[in-house]
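Just the one chain here, laid out as structure tokens, in the form predicted on its own.
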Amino acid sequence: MNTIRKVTVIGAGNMGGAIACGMAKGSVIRPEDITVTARTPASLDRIRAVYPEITVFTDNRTAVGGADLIIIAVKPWQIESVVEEIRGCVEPGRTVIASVVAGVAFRQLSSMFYPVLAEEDAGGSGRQNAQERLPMYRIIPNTAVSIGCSTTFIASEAGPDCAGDAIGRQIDAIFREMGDVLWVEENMLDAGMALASCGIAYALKYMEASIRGGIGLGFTEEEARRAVIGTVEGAVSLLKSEGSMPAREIDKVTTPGGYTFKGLKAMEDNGFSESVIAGLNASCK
């Protein structure tokens, strides 16, 4: 396996575009070594407007030629046709495959890249040549990857111990430059998606409700927005600097019978915590 220098991102949607822009902002992968594909030129124009050094194609087969790392960032119902399109163009011994497609397990991904082997395994032959296989990773970031603030979950088809091997260290370096990275077993990826990938929308939903509440209290939209953003940033900074859990910091500002106490009680009486947990559980199904 050579050093990962050239990266192709298949799919310039919200997530694929965010990953490409996040990589281009960093120093591990040079912008001129990033290639992005999309079905329509308009999607690619948005990428090029920000990073003109990035190479763009509408043809996936051309885009993956010479790539060390191929990041597949398409909709779940599109991945099979994409893999069928590119599998004859990848280079065993050089190319690494990383999928950010939700809900597509390694077993499914492998059967797409190796349909003949999948048929033989189903027939009980069990024949697979490990040297011919492409290293495969599943990666679950969130959209803050574009600004280097994602929480990203990564699993390797070969197991979590691969985080320390030559390829794993390079994958880790690429995504750690775009935020925090947690290596997990594949069976934890759906939970990671709920907590961080879907979770960023849940955090924003709280902020949206707070801004609406602030407007109801008499602030302008911009005043409420600034207050809520600053407050959430402060809460995050407290947890990071103190290394504590939220409950501890809540206790510091909550006097029995006081204003904060009354507000928290009203939120809980209306199902705040239960709603959050229910949302997380729903995201895993």
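One rule holds for the numbers: they count along the sequence shown, beginning at 1. As the structure is a computational prediction, the values presented were derived from the model and not from experiment.
Absent from the display: the form predicted together with a small molecule. The rest refers to it.
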(request) Look at the stretches 214 to 222, 241 to 249, 30 to 38, 227 to 235 and give the one with heavy atoms within 4.5 Å of the small molecule in the predicted bound form. (result) 30 to 38
(request) Could you spot which one of Leu195, Val82, Val181, Met112 gets a heavy atom to within 4.5 Å of the small molecule in the predicted bound form? (result) Val82
(request) Let me know the one among Cys89, Ala173, Cys149, Ala102 whose heavy atoms come within 4.5 Å of the small molecule in the predicted bound form, would you? (result) Ala102
(request) May I ask you to state whether Ile140 is within 4.5 Å of the small molecule in the predicted bound form, using heavy atom distances? (result) yes
(request) Give a yes or no for Asn14: in the predicted bound form, does one of its heavy atoms lie within 4.5 Å of a heavy atom belonging to the small molecule? (result) yes
(message) Although the partner isn't part of this model, could you tell me whether Lys75 comes within 4.5 Å of the small molecule in the predicted bound form, counting any heavy atom of the residue?
(response) yes
(message) Although the partner isn't part of this model, could you tell me whether Thr55 comes within 4.5 Å of the small molecule in the predicted bound form, counting any heavy atom of the residue?
(response) no
